[in-house]
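Have a look below at one chain only, the form predicted on its own, in structure tokens format.
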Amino acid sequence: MTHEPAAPAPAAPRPRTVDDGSNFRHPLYQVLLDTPGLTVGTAAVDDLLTWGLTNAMWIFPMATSCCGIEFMATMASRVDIDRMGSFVRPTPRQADVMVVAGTITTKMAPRVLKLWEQMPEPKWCVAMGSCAISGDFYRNLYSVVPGIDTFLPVDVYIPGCPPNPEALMHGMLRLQEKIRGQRHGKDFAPKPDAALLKITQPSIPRLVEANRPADLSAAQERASDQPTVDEATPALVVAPEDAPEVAPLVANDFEGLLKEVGVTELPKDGPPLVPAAHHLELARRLKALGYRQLVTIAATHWLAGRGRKGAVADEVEHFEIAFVVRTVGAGSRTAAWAVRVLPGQPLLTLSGVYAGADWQEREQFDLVGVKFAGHPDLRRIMQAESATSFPLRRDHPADAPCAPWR
């Protein structure tokens, strides 16, 4: 006969520990508690101010691209930068630390400087990520500032693409050390490395460089104080010319519509070219046939003698604007066509047919220079209104200067 082993007795429940704060110890509080009759502690005012500055850094976030995601993660529970007294504020007037997390463009730079000037003193700036530090991959592009220290005084650089949340926390700890050191009279002026500056020189000198022109900072401040385009000038609207008289299109399919406008053979190197006079009527008819979604508008600039494959050598300079629309739902179909116009020749807008054409036509005007007659608000999107060039034209240098920012 076998005997089953007896089941182990259940473990006694562990007593619950209640944290009533009695285990908390702080040097200053302990002195007050251990000294009989002492209820008042004294400290230097400067020490109290330094303690307040370093443990209550309120951040104004200038997150313009992917580093902003890491900045958000730093505020989340895993890193929880709030534990060091940092608090994100949506207004510069209640913040003393600006964290620039991402690429700054020449259109955004005057806004960043304006916000920086609205922050009360004392204030500090943190450059988070390679783009904020130097422009990184985009430093030679027409629209990117090659480092924010070309117009803002930077206190802490946090390298990385992007730096992780722990790196931002480390940078804030270093900023605390810098604040404490400055309060005690230490000099934190950077010591430039001549060899390093030679290979990393941006298109305009940094604030700390000796060769920076004396009037450059003043020019940047004036640019940041300029009113917006809404306050300065009315929106640019190209006066629509009389729409050409064309016969209404009646075909019930895209191929039939192309034949009606004179396209008998589909090209192999791009969408079929439609006469500009029939452009608007074609879009209206396609929408009536169920092509209710405007997918894209994309313009290309061709110099004289250049164009699609097989173009004649004496072809003049022109723009080619491609349009794509589609039906919605099961069995979706697309229709694409293109229109050629000469420089300065406006093309009738499709904003009255497709609402999405409003933004996309503005983009092609801003980057390529195509004008759309009858557009309700033909203004720039990515570049400043003061810009006089169009960066996606084939005769535009990619690294063109944009004073006073690059």
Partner chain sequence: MTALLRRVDPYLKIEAYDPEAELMLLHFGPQHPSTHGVFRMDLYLDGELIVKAVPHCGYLHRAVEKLCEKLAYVQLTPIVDKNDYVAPMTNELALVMAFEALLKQDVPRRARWLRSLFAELQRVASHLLAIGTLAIDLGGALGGGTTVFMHCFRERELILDLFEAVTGSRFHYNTHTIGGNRHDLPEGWAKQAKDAIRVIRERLPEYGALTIENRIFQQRMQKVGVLDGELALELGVTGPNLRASGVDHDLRRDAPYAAYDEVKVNVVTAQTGDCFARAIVRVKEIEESLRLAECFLDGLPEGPINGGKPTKMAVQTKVPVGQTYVGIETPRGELGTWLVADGTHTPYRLKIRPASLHSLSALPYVLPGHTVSDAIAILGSLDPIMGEVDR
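Residue numbers count along the first chain shown, from 1. All values reported here derive from a predicted model rather than from experimental measurement.
There is another form of this protein, the form predicted together with the partner chain, and it is not shown here; the text below is about that form.
Chemist: Is there a heavy atom of residue 157 no more than 4.5 Å from a heavy atom of the partner chain in the predicted bound form?
Modeler: The answer is no: residue 157 has no heavy atom within 4.5 Å of the partner chain.
Chemist: Would residue 353 sit within 4.5 Å of the partner chain in the predicted bound form, counting heavy atoms only?
Modeler: Residue-level check for residue 353: yes, a contact with the partner chain.
Chemist: Applying a 4.5 Å heavy atom distance criterion, does residue 174 contact the partner chain in the predicted bound form?
Modeler: No, residue 174 stays farther than 4.5 Å from the partner chain in the predicted bound form.
Chemist: Tell me, yes or no, whether residue 167 is in contact with the partner chain in the predicted bound form, where a contact means a heavy atom of each within 4.5 Å.
Modeler: Residue 167 lies outside the contact set for the partner chain.
Chemist: For the chain seen here without its partner, which of 276 to 284, 254 to 262, 210 to 218, 138 to 146 has a heavy atom within 4.5 Å of the partner chain in the predicted bound form?
Modeler: Answer to the contact question: 138 to 146.
Chemist: Residues 339, 371 and 403 are flagged as a possible site; in the predicted bound form, is every one of them within 4.5 Å of the partner chain by some non-hydrogen atom?
Modeler: Result no, not one residue of the spot touches the partner chain.
Chemist: Pick from 178, 306, 114, 222: which residue has any heavy atom within 4.5 angstroms of the partner chain in the predicted bound form?
Modeler: Filtering the options by heavy-atom distance leaves 306.
Chemist: Select from the listed residues 191, 78, 186, 198 the one whose heavy atoms reach within 4.5 Å of the partner chain in the predicted bound form.
Modeler: Checking each option against the partner chain in the predicted bound form, the one that comes within 4.5 Å is 78.
Chemist: At 4.5 Å, heavy atom to heavy atom, what parts of 55 to 77 sit next to the partner chain in the predicted bound form? List them in sequence order, or say none.
Modeler: 60, 61, 62, 63, 64, 65, 66, 69, 70, 72, 73, 75, 76, 77 sit within 4.5 Å of the partner.
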